[in-house]
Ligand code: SAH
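First, one chain by itself in structure tokens, the form predicted alone.
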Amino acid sequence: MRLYIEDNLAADRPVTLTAAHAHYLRNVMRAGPGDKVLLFNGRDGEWDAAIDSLRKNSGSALPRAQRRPQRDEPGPWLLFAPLKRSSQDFLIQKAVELGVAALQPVRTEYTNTGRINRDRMVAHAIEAAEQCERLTVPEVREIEKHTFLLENWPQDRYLLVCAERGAAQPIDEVLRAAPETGAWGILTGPEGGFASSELEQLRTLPFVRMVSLGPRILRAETAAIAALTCWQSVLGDWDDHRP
């Protein structure tokens, strides 16, 4: 059992369990006082703890010893057009498992919806981080128009644009030729793809790298997962074999 906690974590300092924690522990895991649990907050590493008290809508846990120290998890930012609920839930889960540092919904010309349920996205990001043993939960940002993001893009961060049409290099070639220490973002379009005018604008930007994901047209969530997998394989932490 592993839980993300907002409180600071230190030995023998009780932390508060929320109603959601209490429901999960009581009704899903059938746990009770004295049972062991792992805690993390994105700042203080991961801690061995024990459930101290557990009621219907609250409880407490007592950290005992740090199991893993905090460390950086410098994954790429993922910029994506909002999808249908089930597809987006799946994308959030897999993106967190694949190490993204931030989730940024973007509004493009062919984006089907201009609204997102950020609370739902945060909940799925936390659940995925708990499951995959990350030490952090990615930042979940509010939706922004893609032109605003491009105008304010940090010039020291590359942006991989997954272009389903037009001239683009294979993603593996681009990543293997890139500096190993650079910061990255990955942009995928909506189900209808990018508009031609959007692709033309993106190609003019110095920090953009237009990449191809192969000869097949991928669903939006598949494209994001494929691009993240390629990034992790070449520039990510897949060579980190944690004991």
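Worth saying up front: this structure is predicted, and the values here are computed from it rather than measured. Residue numbers here begin at 1 and follow the sequence given.
Separately, the form predicted in complex with this ligand exists; it is not shown, and the next lines address it.
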(message) Please identify the residue among 164, 109, 89, 127 with any heavy atom within 4.5 Å of this ligand in the predicted bound form.
(response) 164
(message) If the cut-off is 4.5 angstroms on heavy atoms, which of these, 53, 212, 70, 201, is the one near this ligand in the predicted bound form?
(response) 212
(request) Select, from the options 26-34, 53-61, 214-222, 175-183, the stretch whose residues sit within 4.5 angstroms of this ligand in the predicted bound form by heavy atom distance. (result) 214-222
(request) Indicate whether this ligand has at least one heavy atom within 4.5 Å of a heavy atom of residue 194 in the predicted bound form. (result) yes
(message) With this ligand taken in the predicted bound form, which residues across 31-55 come within 4.5 angstroms through any non-hydrogen atom?
(response) none
